[in-house]
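The form predicted alone is given below as one chain in structure tokens.
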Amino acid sequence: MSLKHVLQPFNAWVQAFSKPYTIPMKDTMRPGADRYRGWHINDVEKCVGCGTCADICQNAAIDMVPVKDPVKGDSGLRPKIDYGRCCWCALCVDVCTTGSLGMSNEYTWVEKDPEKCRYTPGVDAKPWDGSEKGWRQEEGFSLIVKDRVPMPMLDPKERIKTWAEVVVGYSVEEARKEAARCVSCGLCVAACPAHMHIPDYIGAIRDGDFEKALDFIYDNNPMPEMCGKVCTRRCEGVCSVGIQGEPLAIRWLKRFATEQFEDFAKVLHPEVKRVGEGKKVAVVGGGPSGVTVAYYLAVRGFEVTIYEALPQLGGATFFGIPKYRFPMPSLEKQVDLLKKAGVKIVTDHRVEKDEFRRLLEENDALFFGTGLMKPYKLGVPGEDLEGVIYALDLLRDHHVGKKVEVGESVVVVGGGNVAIDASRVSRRLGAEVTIAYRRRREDMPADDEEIEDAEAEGIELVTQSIPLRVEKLENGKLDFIWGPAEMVPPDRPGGRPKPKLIEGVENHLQVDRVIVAIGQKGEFEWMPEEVAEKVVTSRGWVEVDETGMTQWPGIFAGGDLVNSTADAISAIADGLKAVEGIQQFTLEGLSVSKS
């Protein structure tokens, strides 16, 4: 051992007599840098409780705790931080989908109670809540990919010359790239009427396991390819990724998964519960709600027969959605799976009163979902003139192959998806098309994407236009006369502004056809009077209980007759509810609701 090593420990004593280098904190405070990562802050009104911060935390320092009742697009949960675990890395801030989470530049906090070092920012008041300095998401930077992968589509000028499908579809690479944007927050599941397993099937697409994705999809949706093409996608409306960027293309990803297989039966592995063997169920109406009931009951062993008045199953998705949005092969794939599941299908068959009574006697339960097939009239002079037609009739006739003539010019009255479909079909039939809608563009119930596609195809949109009358001209054309409207405040809280006719002003539009698309209602002439009196309300709706059963024991209903949303996914949700209700009724003797 050297002399240096012997003396070195004694050299340290020299420091005992030196002036200290430390600064007493009570006398001098050094503020943190402007971007210092101090204690967390959160704008709880901006936060939607997606839980992405908790998922990314490598130290399990964040728990999601309930602070309010869940609402559409908000789980009601908020992050609670455990500072015994937190390492102040700020990944939670950088990944926040809303930008609500931040970190103050405050770094001093003395507490004797360690439990107080677990708190919910923005809920548990802290001195630094109003701090403007600290770590925030930088503008233009996020760990979340904000832009969706564009969907390839046919050029508008070319697509109006053909009935080919407008949407081309994702490639495998594009689909997996888009699926990778999902943060698996689950807000979409709550928003979906059928509560589909959206993060699960998107995760499977991201991983390249398309069979697994299809299994997740078919667990509670028997018409996924249809939904993947025409769904109203309420799930995308609450997508947390879409708050600061574009929502995930959930609909297109579902479409992609279903298009990977020609025969669903070869790759699906449904959970088979043969609980209903020996039980018979009749389904009147082969729309989305009826197909849902039939498929999932058949998988459970029930003997199911569908009776459909039209040549093909699908209801409004068959005759109301044009081929350029939903080609027939897509529907046929789903119907083929229904047959392979054991469902008996009777098409071109309208059930009338006596047969309804017989079906009720011969089956253990009966479900009907016959939709809204009776169009509303305009209620103006001249609407009975030749050349004034209804959108549903136009779409149905064209779909079943009947010759449809719309002439050179058309006005479509209405602002929903049916109006848009009728206008785009007319455009492909060679007509110049104008859509007349009585409210503003932002009030139109049609899908924004469909409106944009219609305009791209050269269809003119005239808003705040109220029909006054229709007259026949000497040249054989129709004179569609309308008046401009001003928007006035709603007459009830939460209502929409109302259109009010500006008196004394008339506008004229000469056309070959006036196509009416202002909504539909139920038609019950086929139903026995004693049943209709009990299940149909005075306003023309069918009331059901929480199991989907009407006030007539053993008769269940769903779809547009029951709910006012008028979309396929809500009809599927009604069917899923009725499946459970029918099983309870037939196997457990569920009694009729008293509510």
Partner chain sequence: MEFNSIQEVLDFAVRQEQKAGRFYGLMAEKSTDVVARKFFREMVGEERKHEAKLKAIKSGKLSGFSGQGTPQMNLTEVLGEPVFREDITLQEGLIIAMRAEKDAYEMYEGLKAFARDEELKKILEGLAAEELEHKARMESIYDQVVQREN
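Worth saying up front: this structure is predicted, and the values here are computed from it rather than measured. Positions refer to the first chain, counted from 1.
Below, we turn to the form predicted together with the partner chain, even though it does not appear here.
Participant: 308-316, 252-260, 463-471, 279-287: which one contacts the partner chain in the predicted bound form at 4.5 Å, heavy atom to heavy atom?
Facilitator: Going by heavy atoms within 4.5 Å, the stretch is 463-471.
Participant: Indicate whether the partner chain has at least one heavy atom within 4.5 Å of a heavy atom of residue 127 in the predicted bound form.
Facilitator: No - in the predicted bound form, heavy atoms of residue 127 and the partner chain never come within 4.5 Å of each other.
Participant: Given that the partner is absent here, does residue 533 sit within 4.5 Å of the partner chain in the predicted bound form, heavy atoms only?
Facilitator: Yes, residue 533 is a contact residue.
Participant: Please determine whether residue 414 contacts the partner chain in the predicted bound form, using a 4.5 Å cut-off between heavy atoms.
Facilitator: Close contact exists here: in the predicted bound form, residue 414 approaches the partner chain to within 4.5 Å, heavy atoms only.
Participant: Mark residue 541 yes when one of its heavy atoms lies within 4.5 Å of a heavy atom of the partner chain in the predicted bound form, and no otherwise.
Facilitator: Yes.
Participant: Just give me the single entry in 427, 439, 159, 398 that has a non-hydrogen atom within 4.5 angstroms of the partner chain in the predicted bound form.
Facilitator: Selected residue: 439.
Participant: Which residue, 358, 508, 377, 402, is the contact with the partner chain in the predicted bound form, using a 4.5 Å heavy atom cutoff?
Facilitator: Contact with the partner chain in the predicted bound form is made by 377 alone.
Participant: If the criterion is a non-hydrogen atom within 4.5 angstroms, does every one of 489, 496 and 566 touch the partner chain in the predicted bound form?
Facilitator: Every residue of the candidate spot has a heavy atom within 4.5 Å of the partner chain in the predicted bound form.
Participant: Using a 4.5 Å cut-off on heavy atoms, what residues in 494-518 are near the partner chain in the predicted bound form?
Facilitator: The stretch 494-518, when checked against the partner chain in the predicted bound form, contributes 496, 498, 499, 500, 501, 503, 517, 518 at the 4.5 Å heavy-atom cut-off.
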